[in-house]
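So this first bit is one chain, no partners, the form predicted on its own, shown in structure tokens.
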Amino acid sequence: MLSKLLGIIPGAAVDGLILCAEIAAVVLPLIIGYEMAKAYGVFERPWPRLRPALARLGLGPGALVPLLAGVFLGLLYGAGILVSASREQGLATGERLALAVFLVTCHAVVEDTAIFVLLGGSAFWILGPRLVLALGLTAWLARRARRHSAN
């Protein structure tokens, strides 16, 4: 029994290292691309076109960078940027909550989808339900917040 277990370990270690390399091949270019886009001001350009859609979600211009970071790179990286943007841009509590709800339900869209496709999954079944749920919950939260602020 023990010799059988010891015989499995080298193959599992090699398979694990291969999987780590595949994940790194997906994640590292995304992180480098995000940092380069941020440095060149790419995130400021889409704001005028996105203003109406994000406003319906209760998000203002200061939420764009953390939203894009969370969608592309994941919850942990997006959360770090959210905390930083909250301090720098003065995001309102309701805006931080709306952004957090969106990112909790729909984070790492590009990263996760690429990894699941790499592992043989379907992009539609990974991306579709998460996006619908995130948009629905965040829009509901924004409507609820507007109703409470009007009263």
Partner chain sequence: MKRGRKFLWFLLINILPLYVLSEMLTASGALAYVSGFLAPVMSLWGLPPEAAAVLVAGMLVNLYAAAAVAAPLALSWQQVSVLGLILGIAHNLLVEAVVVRQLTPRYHALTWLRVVLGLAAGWLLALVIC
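By rigid core we mean the largest C-alpha set that fits within 1.5 Å across both forms. Keep in mind the model is a prediction, meaning the values are calculated, not measured. Positions refer to the first chain, counted from 1.
Separately, the form predicted in complex with its partner chain exists; it is not shown, and the next lines address it.
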query: Close approach of residue 36 to its partner chain in the predicted bound form, 4.5 Å, heavy atom; finding: no
query: Its partner chain contact in the predicted bound form: residue 40, any heavy atom under 4.5 Å; finding: no
query: Non-hydrogen atom contact residue 89 with its partner chain in the predicted bound form at 4.5 angstroms; finding: no
query: Proximity of residue 121 to its partner chain in the predicted bound form, heavy atoms at 4.5 Å; finding: yes
query: Contacts with its partner chain in the predicted bound form, stretch 12-29 (heavy atom within 4.5 Å); finding: 12, 13, 15, 16, 17, 19, 20, 23, 24, 27, 28
query: Residue 68 C-alpha shift between this form and the one not shown of 2 Å or more, rigid core reference; finding: no
query: Residue 131 C-alpha moves between this form and the one not shown by 2 Å or more, core aligned; finding: no
